[in-house]
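Listed next as structure tokens is one chain, alone, in the form predicted alone.
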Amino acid sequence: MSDSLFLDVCAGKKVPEKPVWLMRQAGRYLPEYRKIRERFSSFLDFVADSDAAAEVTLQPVERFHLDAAILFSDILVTLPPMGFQLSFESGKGPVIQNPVRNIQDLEQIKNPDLEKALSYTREAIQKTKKRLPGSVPLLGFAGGPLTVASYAIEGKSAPQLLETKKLLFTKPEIFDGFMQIITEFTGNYLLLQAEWGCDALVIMDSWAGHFGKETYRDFILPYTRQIADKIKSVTDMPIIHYANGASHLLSCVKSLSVNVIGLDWRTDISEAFEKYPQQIFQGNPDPSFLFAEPQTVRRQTEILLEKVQDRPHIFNLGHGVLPGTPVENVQVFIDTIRGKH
């Protein structure tokens, strides 16, 4: 894929136009997404339908002509094959009926054949690749080991991560045992996505920012490092690492063998550029800025362009596109990056 702006920037090259893609670029803000979503009563059934997954993966690329597509899936798809009773409930998000809290729970985890259990992911990748423009790479992804493990420990979305932290500090051997299991599955799953046809990989550690720097460095980062190192030992495919709320962890993340670091909106990107001039970053406006008037969206994007200047950089938001985001403002954001006014 010699004419991909995205892959060129991942390789540290200066390009004539800045590449842009968006986290959660396929989602509820798009009417065409909502139309397909209505066909499925279960979100997991939606994700597991390879035709639907391929279709919604392509929707934002076709609408906005983005520089990368990201496979439509979910960070928790590895959990059901491992024996976790996962469902997505309206108003609650993911709910797991059998969370990990003790050694007996750990012993109940299955060792599945991920290639067989997630064959629908392979099919979705292959169907998407057949329809993607040749210059647009497909990104595979997985949740960071901490983030995936925390859902399985908490049993639900729990921003304070109380049960996770309790397990870490009171039963460290169980926490470590579970994190090792999740790390192994996550690394294998990402390598399968590479084998199945993805062109780059993303590790999304949504809950990493809830830990202090020393705790993250000593008890969380080593598992992510195992995954990144495992991938790099097999392929030179680019890796993007994104951690939410993690500006205080940047020096830790910088030590990973990844190509691009995604920044959330809490991070001062100018300071990041100054401190790590050779690092390629992705991001990082607050997704809610897309609710502003179009002229404000345009001006704020121009400010970011002025900060980035000619350094290799991937444009994105500091988190995923929010439900209800005006589609026309997403277009303004992208057009401004590309110099269209």
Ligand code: CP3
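Since the model is a prediction, treat every value here as computed from it, not as a measurement. One rule holds for the numbers: they count along the sequence shown, beginning at 1.
Omitted here: the form predicted together with coproporphyrinogen III. The next part is about that form.
To verify the annotation, which of these, Phe43, Phe289, Phe281, Phe64, has a non-hydrogen atom within 4.5 Å of coproporphyrinogen III in the predicted bound form? Contact with coproporphyrinogen III in the predicted bound form is made by Phe43 alone.
Let me know the one among Asp264, Asp74, Glu123, Asp199 whose heavy atoms come within 4.5 Å of coproporphyrinogen III in the predicted bound form, would you? If I apply the 4.5 Å criterion carefully, the residue I get is Asp74.
Looking in the predicted bound form, is coproporphyrinogen III within 4.5 angstroms of a heavy atom from every one of Gln25, Arg28 and Phe88? Yes, the whole trio is in contact, each within 4.5 Å by some heavy atom.
Looking at heavy atoms inside 4.5 Å, which stretch does coproporphyrinogen III contact in the predicted bound form, given the options 175-183, 251-259, 228-236, 91-99? The contacting stretch is 91-99.
Evaluate Met204 for contact with coproporphyrinogen III in the predicted bound form, applying a 4.5 angstroms cut-off between non-hydrogen atoms, and reply yes or no. Met204: yes, in contact with coproporphyrinogen III in the predicted bound form.
Distance check, Ser157 to coproporphyrinogen III in the predicted bound form, heavy atom within 4.5 Å: Ser157 belongs to the contact set for coproporphyrinogen III.
Within 4.5 Å, heavy atoms only: does Phe141 come near coproporphyrinogen III in the predicted bound form? It does: once coproporphyrinogen III is placed as it appears in the predicted bound form, Phe141 has a heavy atom within 4.5 Å of it.
is_contact(Tyr151, coproporphyrinogen III) in the predicted bound form, heavy atom dist at most 4.5 Å: Residue-level check for Tyr151: yes, a contact with coproporphyrinogen III.
Under the 4.5 Å heavy atom criterion, name the residues of 317-333 that approach coproporphyrinogen III in the predicted bound form, in sequence order. Going through 317-333 in order - heavy atoms within 4.5 Å of coproporphyrinogen III in the predicted bound form - there is one hit, His319.
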